[in-house]
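Only one chain is included here, represented as structure tokens and corresponding to the form predicted alone.
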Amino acid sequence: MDKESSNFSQIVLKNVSKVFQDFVAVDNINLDIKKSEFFSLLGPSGCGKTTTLRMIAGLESPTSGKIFLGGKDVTNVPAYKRDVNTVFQDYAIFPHMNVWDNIYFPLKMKGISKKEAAPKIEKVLKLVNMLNFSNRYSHQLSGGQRQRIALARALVNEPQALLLDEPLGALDFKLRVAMQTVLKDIQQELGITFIYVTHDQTEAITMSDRIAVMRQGVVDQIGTPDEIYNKPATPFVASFIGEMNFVDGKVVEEYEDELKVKIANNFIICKKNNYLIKKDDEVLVSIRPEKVYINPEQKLPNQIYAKLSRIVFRGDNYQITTQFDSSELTSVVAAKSINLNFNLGHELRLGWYTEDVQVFPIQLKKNIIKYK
């Protein structure tokens, strides 16, 4: 591995694949994870994210490709010799040991005395806000407390990287949200590289510096939460992250950096992207519901008229669905800013900005995740 890469990259995967008999779990992926980065592997069940994490941990061997840790090739290095620790969803806290002894266990395996270990254990207990729980046993702790102890035990060795496999999956919603903050705060304070596996898009967007979105063993996009959400690289990413409108269209004019697209009997202007889309191509147009404005005060670059077909109150916002010809568009509007002086069937003027629209080749429509 070259010197420049090893100076800045904590974990690198080069052309890594994993095949189980005739099933390709991970298909030739490349990752470059920086030191002190909170990096998430995000995707639906079966996409290969946990297999990827297990290969980084040394719990699975890649069928092909190379894995580097801190600039060193660890592809064939066993798990116990890799300077990484893994936290799983089931915590794996020893029930016959108290909290202090649970955290001491990995240090004990390294031959470190209790006296030498004591300040290290006190430091991580303080870090996870469990300093007063050192004499308790697993059955005396809540799910969130057990997860904190699992974190403390994984961190006490001060590994180069902490690998987390859906660690919050067993917690209830409010506790999961609280633990997201705890995890991010710990990662920022210690500066340790975190690699986080999840199928929960909110977790990934909330905590990550960068995200790799996986689909069927491949990486569809790597980017910051803002890039993943606002500039999805594929219809799969666009559909998996948040809510998204998709409408079929056809390119009728091609300009230097824009496309004129016909959707139903309407014409809209879209920015060009990395896809080689040209005049007369069938395309898939996508736009986030919160970017679709209802009866905007000013005239926006793209405007169409559609009939109101459904209104759903969702607490702090309304989801408004409209129909035009055979197409449907959904808008999300803050409850405090909407004027509900219209009825079902009422014609509304919808508008959005050119830069808020993404256009994809129609062939990629098959990869959209549909929830209804």
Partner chain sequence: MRININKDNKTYIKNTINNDGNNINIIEDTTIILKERKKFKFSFLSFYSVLIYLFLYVPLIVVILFSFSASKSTVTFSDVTLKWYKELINNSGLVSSFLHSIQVSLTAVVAAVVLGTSGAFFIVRTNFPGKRFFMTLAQLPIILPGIIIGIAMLIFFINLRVPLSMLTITVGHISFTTPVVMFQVMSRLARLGRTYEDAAKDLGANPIKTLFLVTIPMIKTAIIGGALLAFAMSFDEIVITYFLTGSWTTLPVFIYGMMRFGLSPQIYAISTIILLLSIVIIFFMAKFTGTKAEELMVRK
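Numbering follows the first chain given and starts at 1. Between two forms, the rigid core is the largest collection of C-alphas that superpose within 1.5 Å. What you are looking at is a predicted structure, and each value in this text was computed from that prediction instead of being measured.
Just so it is clear, the following notes concern the form predicted in complex with its partner chain, a form of the same protein that is not shown.
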Choose from 233-241, 179-187, 78-86, 270-278 the stretch whose residues reach within 4.5 Å of its partner chain in the predicted complex, heavy atoms counted. 78-86
Could you tell me which one of Ala264, Val252, Ala170, Met97 places a heavy atom within 4.5 Å of its partner chain in the predicted complex? Met97
Heavy atom within 4.5 Å of its partner chain in the predicted complex, from candidates Gly144, Gly223, Pro106, Pro289, belongs to Pro106
Determine whether any heavy atom of Val333 comes within 4.5 Å of a heavy atom of its partner chain in the predicted complex, and answer yes or no. no
Its partner chain contact in the predicted complex: Asn135, any heavy atom under 4.5 Å: yes
Contact with its partner chain in the predicted complex for Leu59, defined as at least one heavy atom pair within 4.5 Å: yes or no? yes
Please determine whether Ile93 contacts its partner chain in the predicted complex, using a 4.5 Å cut-off between heavy atoms. yes
Partner contacts for 14-37, taking its partner chain in the predicted complex and a 4.5 Å heavy atom cut-off: none
Could you check whether the CA atom of Tyr196 moves 2 Å or more between this form and the one not shown, using the rigid core for the fit? no
Given a superposition on the rigid core, I'd like a yes or no on whether Ser208 shifts its C-alpha by 2 Å or more between this form and the one not shown. no
Once the core is superposed between this form and the one not shown, does Phe133 show a C-alpha displacement of at least 2 Å? yes
